[in-house]
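This document opens with one chain alone, in structure tokens, the form predicted on its own.
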């Protein structure tokens, strides 16, 4: 074999593939910072700090069917999702996190060179899966308030456009896209994906229109509101024809039995979980006011479970590192569209208090 070895067989378009920088697991910092792992405050991945429903823990502890493959057609899960969403189950497909559905949709619609419209800055996994599908990204830059420029989006469409990607609330900006703007995009007629990962924090959804618009696809997740991020469970609502394709091209057992059980128990216990969502929302608004008072951070309005802040002083990477040394994990951005910005997930009241104290201490030295 040549000096290049096995790499010569790798797809050329993937040789420069950069991957995705995920959040940090607290245990990886053991011995690297002075704070014990169990004391680390994790505010870097928009997780639910209260965790899952107690009914989920009980159901998982009592479950005795781990040795049996899950139902590949997800029938019981889809029936419960039908009750939760009000959308008939024939429109619904579940997956190992909503990320997997983005991947499947790329495989379904995008061939080499096909164009996908991406409204930046937005969810990084959109770009990840466009690249993986060897598609061509057409970036439409959001305005100064991070709103989608629908006129610019329309101008960006060509005969090669196969898919339009929208997120509301958007990650990492927490911006909500007005319903009328989404409808204007849908009227174009191209396949349009609306990612509603933070739906439970807003109550605003396009799901009831899935049967009316033959090009509308809506994604949701159990990671944020239901505290199931570690089990990887999401779902989407699609035109029946597209749902049928997805059920055929997905991995047969893509949602494991623990995730299916946890999702079902979560929707059964939605009142408990929505109480926690309301607490997080109240804490978010309190945090916003306190971040504004620092004098060196500019928080943007949010309807999700996180807040994006632009730095008026200092460098985002340095601030993130200082917080990490203090046992507080947040995300930083340093791209042209998000120059020196921090994204901070909303934690429990006591965690948010420690965060604000740390930021105030850092701010005194700037």
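Keep in mind the model is a prediction, meaning the values are calculated, not measured. Numbering follows the first chain given and starts at 1.
The following text describes the form predicted in complex with a small molecule, which does not appear among the structures shown.
By the criterion of a heavy atom within 4.5 Å, residue 223 is counted among the residues contacting the small molecule in the predicted complex. When contacts are judged by a 4.5 Å heavy atom cut-off, residue 107 does not count as touching the small molecule in the predicted complex. In the predicted complex, the small molecule sits within 4.5 Å of a heavy atom of residue 98. Although the partner is absent from this view, residue 197 contacts the small molecule in the predicted complex, with a non-hydrogen atom inside 4.5 angstroms. Across the options 144 to 152, 84 to 92, 203 to 211, 98 to 106, residues that bring heavy atoms within 4.5 Å of the small molecule in the predicted complex belong to 98 to 106.
Checked against the small molecule in the predicted complex, the residues 246, 77, 167, 133 give one hit for a heavy atom within 4.5 Å, which is 167. Checked against the small molecule in the predicted complex, the candidates 232, 276, 270, 286 yield a single residue with a heavy atom inside 4.5 Å, and that residue is 232.
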